[in-house]
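In structure tokens, the next block holds one chain alone, the form predicted alone.
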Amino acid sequence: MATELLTDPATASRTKRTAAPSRWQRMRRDGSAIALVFVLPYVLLFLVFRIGPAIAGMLLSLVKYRITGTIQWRGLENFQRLFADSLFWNALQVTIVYTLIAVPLTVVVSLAMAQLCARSIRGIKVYRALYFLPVITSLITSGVIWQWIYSGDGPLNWFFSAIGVGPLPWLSSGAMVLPSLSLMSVWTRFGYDMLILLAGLLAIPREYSEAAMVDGASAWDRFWRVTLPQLKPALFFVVILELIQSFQVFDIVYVMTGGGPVRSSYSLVFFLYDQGFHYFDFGYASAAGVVLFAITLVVSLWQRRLFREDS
């Protein structure tokens, strides 16, 4: 009887299925179950505080909602009102101009500093730590420092007065306020980007550069033809990061200028903040947030495609 059970095909198949380890058992065996336990809290927080508010913002953009009133369905009316609002177009223009100044400037400075910090010189770890200090400095402290730097008797105006050019209206002139804010943004951001690019530089095998040197390539040729192509993944990440940060610029505008003078530094996020927390028109503010998300997504995907084609 026992021999018949063992040789029965159906029984053997059931025995085989029972013996096969489950997915959870395989995860426990290869250690991914432990990793999942550690990752799960972050995933939950991400869903609750990132994805949840994003979905809520998209839904709010389709209604009229004020704190003191009831929710009324408006469909695409908020977007129609937004595209007819000259203040929105002014804020979008300010944001684009700021992005065009701040992103290239920050990436170039970060790359130059990463090249300097990649060298093996005495005390290089101290220099790297010093360059990173502005990143961990609080925004209020940075704002106080840069307001003094840009002030009438600050070091910048002292220098330009000494060479007969100044003093210059750094924050009180509509033409100069965005370059001035971009300069401050570079100071607060380049340390973080420098670390990413430095990691990319240190990962490039020295053999490539040494072979180019043997072939007689100059320092510029080695950087342009050897280092830069190898650095593209890190460079792409830094550009995307800076692009998103620049489109979302709010904090330095709020601290340094409050959107002035005459709304010449009135960014898109400042517009969103004004509509939401000054006029309490949350539906309209959410519509501006959805447009900002769409612009950032399209530009990021376009840049990703460009980098892929170039690679």
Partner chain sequence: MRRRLLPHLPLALVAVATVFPFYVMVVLSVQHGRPLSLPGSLLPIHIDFGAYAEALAGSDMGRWIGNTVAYSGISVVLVLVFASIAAYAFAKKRFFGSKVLFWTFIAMLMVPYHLTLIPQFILISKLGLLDTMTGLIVPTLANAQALFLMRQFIIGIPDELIEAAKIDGAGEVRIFFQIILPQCKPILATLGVFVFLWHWNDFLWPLVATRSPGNYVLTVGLYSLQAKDVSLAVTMAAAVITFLPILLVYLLLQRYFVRGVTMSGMK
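Since we're looking at a predicted model, the values are computed, not measured. Rigid core (definition): largest C-alpha set, two forms, superposition within 1.5 Å. Residue numbers count along the first chain shown, from 1.
One more form of this protein exists, namely the form predicted together with the partner chain; it is left out here, but the text below deals with it.
key: Candidate site 35, 129 and 147: all three near the partner chain in the predicted bound form by heavy atom within 4.5 Å   = So, yes: the whole triplet contacts the partner chain.
task = Heavy atom within 4.5 Å of the partner chain in the predicted bound form: which of 172, 227, 137, 90 fits that? Just give me the one.
result = Result of the distance check: 137.
ask   = Of 153, 221, 215, 207, which residue is found within 4.5 angstroms of the partner chain in the predicted bound form when only non-hydrogen atoms are counted?
value = Selected option: 153.
Location of the partner chain contact in the predicted bound form, chosen stretch of 111-119, 93-101, 164-172, 80-88 [non-hydrogen atom, 4.5 Å] = Correct option: 111-119.
task = Report whether the minimum heavy atom distance between residue 158 and the partner chain in the predicted bound form is within 4.5 Å.
result = Yes - in the predicted bound form, heavy atoms of residue 158 and the partner chain come within 4.5 Å of each other.
ask   = Would residue 248 sit within 4.5 Å of the partner chain in the predicted bound form, counting heavy atoms only?
value = Yes, residue 248 is a contact residue.
request  = Although the partner chain is absent from this view, report whether residue 124 comes within 4.5 Å of it in the predicted bound form, heavy atoms only.
outcome  = Taking the distances in the predicted bound form, the answer for residue 124 is yes, it comes within 4.5 Å of the partner chain.
request  = Look up in the predicted bound form whether residue 49 has a non-hydrogen atom within 4.5 angstroms of the partner chain, and give yes or no.
outcome  = Contact check for residue 49: yes, within 4.5 Å of the partner chain in the predicted bound form.
message = Residue by residue through 43-69, which ones have a non-hydrogen atom no more than 4.5 angstroms from the partner chain in the predicted bound form?
response = Residues within 4.5 Å: 43, 45, 46, 48, 49, 50, 51, 53, 54, 56, 57, 58, 60, 65, 67.
query = After the core is matched up, is the C-alpha of residue 154 off by 2 Å or more between the shown form and the other one?
reply = Where the cores coincide, residue 154 still shows a C-alpha shift between the shown form and the other one that is 2 Å or more.
Exceeds or equals 2 Å, Cα of residue 301 between the shown form and the other one, core fit = After core superposition, the displacement of the residue 301 C-alpha between the shown form and the other one reaches the 2 Å mark, so yes.
Displaced residue check between the shown form and the other one: residue 52, CA, 2 Å or over, core reference = True for residue 52: a C-alpha shift of 2 Å or more.
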